[in-house]
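In structure tokens, the next block holds one chain alone, the form predicted on its own.
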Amino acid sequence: MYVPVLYDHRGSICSQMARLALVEKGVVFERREVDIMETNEQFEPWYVALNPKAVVPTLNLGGEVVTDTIRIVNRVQEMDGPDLSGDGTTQDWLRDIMAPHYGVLLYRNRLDPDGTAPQIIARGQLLQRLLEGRPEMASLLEGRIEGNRRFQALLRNPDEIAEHLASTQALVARMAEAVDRKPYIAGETYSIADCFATAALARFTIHGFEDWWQQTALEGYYTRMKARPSFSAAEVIDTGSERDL
């Protein structure tokens, strides 16, 4: 009998979503930390062979490799254990909570006076060096380099940053409305939508956005989610500095 292996990174919001789903489902699994920050292990050939997009998380179910966070949590829901399917809004919530540009939220306060982000510039330079040394990964790396350029341009545009913040705040307002009507994001019982919502609220807490949901039903909801054993078991992070992420 195989033991599922989750390839993840502790601080990755998507990894936290996947870990919550596995823990809430009662799945016994192993974790394999992929260093996406210091050594850029996600670009190692062995990992790209598992996940051609070179992102985390990746779930290996005894040879069945599942990538993409939404696909991972839906696959976990199919496994034996409590029903985490939620109601008819679950899949919409998964997509909507994944929609914010979490990179914008993270780096908006880490810009130089000219609007440039040194960490993102350095990231682009690293990708260029990787491309020069690993031509066999040209397609993957060229796509990441272009994405890095677009991200740099976005961060230089205060209006775009403001739009991303406004759309994220609107998402939080919708989440508050949902749990004002029912106890969980997608209905009467805990679901994979709550895995996504919990990890997102934890990240928003680190960003200092708590006032967005204070004195709303979402405040009590998040308190309940933090009290669940899965919050600590899945190592959800909502304390510390943005610079720790």
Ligand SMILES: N[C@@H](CCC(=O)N[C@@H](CS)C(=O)NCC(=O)O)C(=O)O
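Note that residue numbering follows the sequence shown and begins at 1. The model shown is predicted, which means the values in this text are computed figures rather than measured ones.
One more form of this protein exists, namely the form predicted in complex with this ligand; it is left out here, but the text below deals with it.
Is every one of 19, 24 and 94 within 4.5 Å of this ligand in the model of the complex, counting heavy atoms?
Checked in the model of the complex: no contact with this ligand for any of the three.
The single option of 206, 55, 50, 176 touching this ligand in the model of the complex, heavy atom within 4.5 Å:
Exactly one listed residue reaches within 4.5 Å, namely 55.
From the list 29, 43, 184, 212, which entry has a heavy atom within 4.5 Å of this ligand in the model of the complex?
None of the others qualify; the residue that does is 43.
In terms of non-hydrogen atoms within 4.5 angstroms, which of the given stretches 131-139, 151-159, 68-76, 84-92 touches this ligand in the model of the complex?
Going by heavy atoms within 4.5 Å, the stretch is 68-76.
Can you work out whether residue 101 and this ligand are in contact in the model of the complex, taking contact to mean some heavy atom pair no more than 4.5 Å apart?
Although this ligand is absent here, residue 101 would stay clear of it in the model of the complex, with no heavy atoms inside 4.5 Å.
Though only this chain appears here, would residue 108 touch this ligand in the model of the complex if you measure heavy atom gaps against 4.5 Å?
Contact check for residue 108: no, nothing within 4.5 Å of this ligand in the model of the complex.
Would residue 237 show up as a contact with this ligand in the model of the complex if we use heavy atoms at 4.5 Å?
Residue 237: no, not in contact with this ligand in the model of the complex.
Does the 4.5 Å heavy atom contact test between residue 164 and this ligand in the model of the complex come out positive?
No - in the model of the complex, heavy atoms of residue 164 and this ligand never come within 4.5 Å of each other.
In the model of the complex, which residues of 1-33 put a heavy atom within 4.5 Å of this ligand?
Residues within 4.5 Å: 12, 13, 14.
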